[in-house]
Structures are given as structure tokens and as C-alpha cells.
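Two versions of one and the same chain are coming, encoded as C-alpha cells; call them structure 1 and structure 2.
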Structure 1
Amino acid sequence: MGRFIGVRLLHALVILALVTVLVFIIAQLMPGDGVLAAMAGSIDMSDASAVERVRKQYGLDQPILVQFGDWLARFVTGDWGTSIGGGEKVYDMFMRRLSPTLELFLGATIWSIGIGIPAGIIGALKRNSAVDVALTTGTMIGVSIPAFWEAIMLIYLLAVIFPILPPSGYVPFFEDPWLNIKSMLLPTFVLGTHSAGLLARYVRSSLLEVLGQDYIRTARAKGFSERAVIVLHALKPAMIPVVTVIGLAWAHMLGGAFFVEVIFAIPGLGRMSVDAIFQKDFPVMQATLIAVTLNVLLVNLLVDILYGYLDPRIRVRR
């Protein structure tokens, strides 16, 4: 097991290194110097010596590899640069925006597990019935519907036509727990819809596969009740792929958070990234991209380890 984790860790490190290169390249793709573009208002661009001074100050006159090394060294030590838009330290900005997004992710995960797993189990147990067809169609809608449309329609339904929930806004949990939960209900549901649909589809096919195995027939032949067969023998192995789907969902939630946070006016990382993209605020974008990748790598690593723990066959095979 130790070796297994070590190999995975090494893989993750290689990928992280590749990603930092990629992120740096994207920044280089931007037409002109990011720094110069941001300074355009404060210095006289026709004054060649002033431009040269700024370039020197930010190390833009160095060879590209040196620039990359500098940037990486600073990034690793927590110096993520200063936001071009607001002048704030990117690291501080990031940490301040982290908690609303984490709350959003957590809520979305609860929704997707709460809906996805039962829906998948029911679908598998009542295979090809009307209930199954309805669930299959529902999960297909869940994975296909664009988050921004779902959000707008739910706002229209539950905040405009029937004004039960606030249409947007964010209140920290420790300021007003009740209002926080009320205002997070819709955003978390919207963010969780896609993974709920995915989860239901995976649980259904995974459970169906397990139910076709020989040892399930053996359990039935030994006279176990149907409930005991399912609960004791089928559910646990059927849940193994679920770990992957939940991991994948976590890893990819920030994409959905872009829309959800913009539409519901939540001051999280998604909103910050969208703003950064529009303002061409590259220090902020670089930090977000790397943080996102780190999140994905950590989640993948965790999934791999959990997988090895849940399914001994995997540990042995590698």
C-alpha cells in the first residue's frame, strides 16, 4: 500500500509540474506584457526609458526560463503576486473568497449524494419499470441542463412567481445561520444537479452489474431475503465506483461555480475568477488555475487511495 501511494504521489507531482508550465504559457499568450498593460494608465508609454524601467522592475527583460523560475519560486513560497484590478495581495484575496465556495461545494455534494444514490438504487432495483424510465429521463435532464439556465428558471419559479427564497445574495453562516441556509439552498442545488445525475447513472449500472454476479446468486440460493442480499452483499461493492464520481464531481465543481456564483451573487472563487478573466487580471487567474489543479490532484489521490482501500484487487494488481 505504501508503494502504491508513493507511485500515485509521484504521478501527481509530475502532473503539477506540467500544469505550472501550461499556466505560465497561457499567461505568455496574452498579447503584450500583462504588467505593462496594467501600468498603461500610470506611466507614459511613449517614454521608452520609463517602460524599460518597469520591465526591469518586474523582471520582464529576463529570458523566459528565468522568468518562469522566478515566478514558480515566488508562487511556492506563498507570494502569489498582487491583483492588477484591486491591488490586493492575491493570496489574501484567495483565502477570503475560499469559504463561500467551500460551503457551496459541500452543500452541492450533500444534494448530489442525497438525490443521486437513492435514485440510482431505485432505478436498478425496479429495472425497466415506469419508475426506472422516469428516473433515467430525470437523470439525463440533470446531466444535460446548463447550470445557468436551471439557476435562472429556479429563481423565476421560487423567487419571482412564488417568493419563498431570496433570489440572490450571500450572508456568512456565523452572521445569520438561517438566512445563510435559505440563500444557499438554490445555489447548492443547482451546483449539485449535474453530479446527482451522474451519480444516479453510475450507481444504477454498477448495482445492476453486481446483482448479476455469481455470489449474489449464491446468497439468494442460500435463502437470504431479497433485502439482506441487497443490503449485505450488493450495496457495498456497488458503491466503489461512486467514490470516483464524487471525487470527479468535487474536482469539476469550480466550473459550475463560475455560473452559480455569478447568478446568485456569491462572493466566492468562481466570481473572483470570472472578474479576473474580464479584467485580464493574470496573477489572480494563475493562482486560481493552479489552486484548481491542486484540488483536482488531491481529490484524485484521495480517490485512488480510498479505491485501493475499498477494493483489495486494485492494490494487488499494481
Structure 2
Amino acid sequence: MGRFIGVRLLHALVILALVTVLVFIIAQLMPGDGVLAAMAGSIDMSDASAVERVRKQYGLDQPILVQFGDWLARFVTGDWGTSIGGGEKVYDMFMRRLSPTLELFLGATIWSIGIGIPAGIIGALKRNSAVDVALTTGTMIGVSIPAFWEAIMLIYLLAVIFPILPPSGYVPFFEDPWLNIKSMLLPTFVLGTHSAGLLARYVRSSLLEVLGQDYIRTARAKGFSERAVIVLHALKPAMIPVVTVIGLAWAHMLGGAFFVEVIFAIPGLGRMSVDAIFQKDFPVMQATLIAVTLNVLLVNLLVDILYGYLDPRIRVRR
């Protein structure tokens, strides 16, 4: 198992290194000096001394390899540069906005797993019944509805017509726990809905496939109760393909967080990234892209480890 994890970790490090180089190259491929283009409205571009001073400040006067080495050395030590738009340290901005995004992802994951797995199990056990049809229809709707449309409709329904929840905004948990929970119910539900529908469909199909295997019929013939057959013999192998879906759903939620945080005015990393794109704030964009990549790689590594736990043949083969 240790060798299996080591190989997967090595793969993740290689991908992270390639993405790091790619992120730096993308910034360099922008027409002209990307930093100067972003600061065109705040400095006099006709003033050669001012332009040269900015180039020197951001290391743009150095060869490309020197720039990359200097940026990478500073990045790994926690110096992620300075925001062009606000002049604040990117690392400080990132850490300040990390908490709302983590809370959003935690809530969305709870919705996704809490709805998706039970719905898939019930649908498999009640195959072709009215309950199964209703759950299948619900999951299809959840997968198909765009996040931004669902967010707008829920805001209109639960914040305008029936003013139960706040339409937008964010309150830190330790400042007002109850208001924090109310403000995060809608965005976490919207972000977790698509993943819940996808998860339910995969759980249902995977469990139905496992329930048709010979060893399940053997377990029933031995006199095991239906609950014991499901819990002890069917669920674990049925979760093998579902683990992949959970990893893919996490990556999908990363993309959805950009829209959700903007729509619900949540001051998280997604909204910070969108603002950085519009402002051409390259230090913020670079840090965010690498952080997102690292997050996805860690989730994929966890998925691989769970694969090895659920199916020993995988870790032996690899």
C-alpha cells in the first residue's frame, strides 16, 4: 500500500510542477508586460522612468528563467507577491478569503453526500417503483439545472416571495452562528445539488450491478437478512466507482464556486478569482490557479487511496 501511495504522490507532484510552469508561461504570453498592462490606468505610460521603476519592482527587467526561478522560490516560502489592484499581499488575501470558501465546500459536500447516497440506495432497493421514478426524476433535474438559474430561482422563492433566508451576503460563524448558517443554506444547497444528482445516479446503477452478482445470491441463500446483505456484502464494492464520482464532483464544485460566490456575494476565493480576472491581477490569478490545482490533486490522491482500500486488486496491480 505504501508503494502504491508513493507512486500516486509522485504523479501528483509531476502534474503540479507542470501546472506551475504553465501558469507562469500563460502570464508571460500576455501581449506586452502583463503587469504594466494591468497598471496602465494608474501610472503614466509615457513616463519612461515610472515604467522602468514598475518593471524593476515586479522583476520584469530580468530574463524569463530568472523571473520564474525568483517567483517560484518566493511562492514556496509563502511570498505570493502583491496584488496589482489593491496593493495587498496575495497570501494575506488568500488566507482571509479561505474560510468562507471552505465553509461553502463543506456545506455543499454535506448536501451532496447526504442527498445523493441515500437517494441512490433507495432507488436501487425500490427499483422501478414510484419512489424510484420520483428519485430518478429529481436527480435528472438536479443534474440538468444550471447553477446560476437555480440560484436565482431559489433567491426569488425563499428570499423575495417567502422571506425565509437572506438573499446574499456572508456573516462569519463566530460573529453570529445562526445568521451564518442561514446565509450559507442557499449557496451550499445550490453548489451541492448537481453533485447530489450525479452521485445518486451512480450509486443506484453501481448498487444494482453488485446486487446481481453471484456472491450476493449466495449470501441470500445462506440465510443472511436483506439488511446484512446490503451493508456487509454489497455497499463496499458498490462504492468503488462512486468514489471516482465524488472526486469529479469536488472538481465540479470548484468551478461552480466561482458563480455561486459572485451571485450570493460571498467574499471567498471564487469571487476573488473573478475580480482578479477582470482586473488582470496576475499575482492573484497565479496563486489561485495553483491553489485550485493543488486542491484537485489532493482530492484525486485521496480517491486513489480509497480505491486501494476498497479494492485490494488495484493497489497490487499498480
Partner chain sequence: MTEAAPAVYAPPASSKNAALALLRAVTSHRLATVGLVIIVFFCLMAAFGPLVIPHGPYEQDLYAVLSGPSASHWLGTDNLGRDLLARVVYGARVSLLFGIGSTALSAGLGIVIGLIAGFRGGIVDAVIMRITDAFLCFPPLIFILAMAAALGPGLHNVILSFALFGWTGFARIIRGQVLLVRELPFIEAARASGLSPARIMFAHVLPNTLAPIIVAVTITIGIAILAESGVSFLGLGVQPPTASWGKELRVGFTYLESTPLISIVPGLMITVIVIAFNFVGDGLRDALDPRLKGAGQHRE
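Between two forms, the rigid core is defined as the largest C-alpha subset superposing within 1.5 Å. Just so we're on the same page, residue numbers count up from 1 along structure 1's sequence. Remember, it's a predicted structure, so these values are computed and weren't measured experimentally.
Pick one: is 1 or 2 the form predicted in complex with the partner chain?
It is structure 1; that copy is the form predicted in complex with the partner chain.
So with the core overlaid, does the Cα of residue 250 end up 2 Å or more away between structure 1 and structure 2?
Comparing forms between structure 1 and structure 2, the residue 250 CA shifts at least 2 Å.
Align both forms on the core first, then report whether residue 166 has a C-alpha shift of 2 Å or more between structure 1 and structure 2.
Residue 166 C-alpha, core-superposed: shift of less than 2 Å.
Superpose the two forms on their rigid core, then report whether the C-alpha of residue 240 is displaced by 2 angstroms or more between structure 1 and structure 2.
Result for residue 240: yes, a 2 Å-plus shift.
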